[in-house]
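Okay, so here's just one chain, in structure tokens, the form predicted alone.
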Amino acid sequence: MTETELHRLTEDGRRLVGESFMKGEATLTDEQLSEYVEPMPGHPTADLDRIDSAVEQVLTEYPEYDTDIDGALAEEIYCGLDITRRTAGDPGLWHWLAVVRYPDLVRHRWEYRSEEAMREKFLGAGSDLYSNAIHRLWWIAELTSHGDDYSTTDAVFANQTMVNKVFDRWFARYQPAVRAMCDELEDEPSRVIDETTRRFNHALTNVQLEGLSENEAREMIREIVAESR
């Protein structure tokens, strides 16, 4: 295993990401990028060789825009990066990974439908779990794995409705609620997933999310699921 130092794309570097780059019609050279790429605070490292290998395999074996790519890569990206949440909270890291390190992966997974939508896949991150193409894979694995057990992570990525409806809600970063929600909705149809996440999100306007234990969140979710069927 070779540990590679992680970098981030600066805010000014975001201006390099134009429509032609997002469509794959233009590339960014090392010379263009050099001014806008800098080391991460604390100089974290990661096993990017592992991720390189997984990405190469996905690009070869999976057709364009196949949603199964998410499940095939999430554990590899999560284990390969092995970073803290503090490091993962820096949007520039995800912009560097998406724009500089793995732009072909982003374009292979996500069809270009509009400049705004594709810009999110390259330059989203921060508080929005669902936007950046690589950031979302790491965070969903972080919030759903149990030690070396990625069964819940795999189940989530096997159900795109779950990904969309759970991780595009504001409660998505609170791990006890996410785990309870994913467990309770795993075998439910899309209609129930949609209704339950919407109603749980609304219920949190009257309940302090961080004050809920996983069991308390689970009980609330079970009641909503039963009412939503």
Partner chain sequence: MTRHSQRHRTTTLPFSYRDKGVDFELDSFTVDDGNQTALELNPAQTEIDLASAVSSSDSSDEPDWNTITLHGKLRLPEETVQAVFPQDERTHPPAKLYVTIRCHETIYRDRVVISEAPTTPGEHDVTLEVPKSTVRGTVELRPYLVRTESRSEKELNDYADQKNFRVASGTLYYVVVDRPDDEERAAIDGERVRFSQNAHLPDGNKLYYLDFRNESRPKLWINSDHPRIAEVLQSRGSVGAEARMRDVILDQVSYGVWVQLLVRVGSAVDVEGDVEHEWQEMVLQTFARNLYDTSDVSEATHRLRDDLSDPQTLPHVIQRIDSELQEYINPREQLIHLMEEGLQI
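Positions refer to the first chain, counted from 1. Every value quoted in this text rests on a predicted model; they were computed, and no experiment measured them.
Not pictured, yet referred to below: the form predicted together with the partner chain.
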| query | finding |
| --- | --- |
| The partner chain in the predicted bound form reached by all of R86, E116 and L129, non-hydrogen atom within 4.5 Å | yes |
| Residue stretch of 71-79, 89-97, 150-158, 105-113 approaching the partner chain in the predicted bound form, non-hydrogen atom distance within 4.5 Å | 89-97 |
| In the predicted bound form, R198 touching the partner chain (heavy atom, 4.5 Å) | yes |
| Contact label in the predicted bound form: R50 to the partner chain, heavy atom within 4.5 Å | no |
| Partner proximity in the predicted bound form: Y174 to the partner chain, non-hydrogen atom cutoff 4.5 Å | yes |
| 4.5 Å heavy atom contact, R179 and the partner chain in the predicted bound form | no |
| Stretch 10-34: residues contacting the partner chain in the predicted bound form, 4.5 Å heavy atom cut-off | D12, R15 |
